[in-house]
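Next comes just one chain, in structure tokens: the form predicted on its own.
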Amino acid sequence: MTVAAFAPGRVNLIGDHTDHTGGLAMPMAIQLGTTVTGETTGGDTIELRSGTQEEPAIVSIHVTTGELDGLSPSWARYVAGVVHELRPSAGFCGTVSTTLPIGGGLSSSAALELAVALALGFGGGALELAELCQRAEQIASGVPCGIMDQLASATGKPGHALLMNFTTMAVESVAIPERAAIVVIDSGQQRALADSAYGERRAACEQASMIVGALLHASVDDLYRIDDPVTRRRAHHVMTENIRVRDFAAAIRTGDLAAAGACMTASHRSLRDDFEVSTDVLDALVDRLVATDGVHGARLTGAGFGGCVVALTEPGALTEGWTVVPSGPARRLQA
């Protein structure tokens, strides 16, 4: 029996590097995504082929974490991570196709993970699916990533962004105004998260939390208790970013696109100056976009170090990039 599963990518409108600290973010699932199609076999291997890659991903259903580093092509590690966490009872042979730019900061890896998990028979709830695929990503990449990407793909809602609280794991749908256009522009600078300083940034946030408590509830005055200036800047970004997420959500609810855009641009400045995950290429792109008529605000999206920028605009203000729309969740298409 042929099985097909689709998982959307996501664009994060605001709230980066907050999920691993129990903070707030507001991503949305998008219409671009990854599809896995195939059939269960009587063997003990998962074999997936991609139209853009010559080499297939071949993974044993008994794969161990020690075997992941030796897998080729590189995307096979993400397949193996899912197989390791899901432990399917039978093999699978199929194909992978995607409309997402790889390494662009739109969660192509999370989309692959969720689509593979669903195709291989995962049958639990959205949060359980996101948690499984977060674990798969962590062992596949070696990066201690948060759960935002997987949770956004698992809980997407057409026409809505998703206000997430990573302390309670609550997800609230917020309608995107019809007159708002959301455009994603690739900076041309490929992001390599595993080679970045993501782990270092996370460690700094954990250190700050040990001093002032949960960053979601700490006040800016608490920053003076942090002696190390670098750790203080990292914490300042997270604390003020949580405030910006709340302000952005309130502006979207009332249709105040100018205020929402201002939150996005301020978020980029904080990611640039306090968290230091932007690049000259991203900064120049954001500056050019916010100087364009009809653009309310722009910021890097994703972990940084390259990838894409997201802009909130009037319809038709930009002729470059992809106009993305909030879409539904990861799902099986056939069974």
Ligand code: GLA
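Heads up: residue numbers just count along the shown sequence, starting at 1. Please read all numbers here as calculations on a predicted model, not as lab measurements.
Missing here is the form predicted together with alpha-D-galactopyranose; even so, the following discussion is about that form.
- Checking 255 to 263, 120 to 128, 143 to 151, 90 to 98 against alpha-D-galactopyranose in the predicted bound form, the stretch whose residues place heavy atoms within 4.5 Å of it is 143 to 151.
- Taking non-hydrogen atoms only, Tyr198 approaches alpha-D-galactopyranose to within 4.5 angstroms in the predicted bound form.
- alpha-D-galactopyranose in the predicted bound form is not approached by Val59, whose heavy atoms all lie more than 4.5 angstroms from it.
- In the predicted bound form, no heavy atom of Met28 sits within 4.5 Å of alpha-D-galactopyranose.
- Not displayed here, alpha-D-galactopyranose is kept clear of Pro326 by more than 4.5 Å at the level of heavy atoms in the predicted bound form.
- Annotation for 299 to 313: interface residues with alpha-D-galactopyranose in the predicted bound form are Gly302, Ala303 [heavy atom within 4.5 Å].
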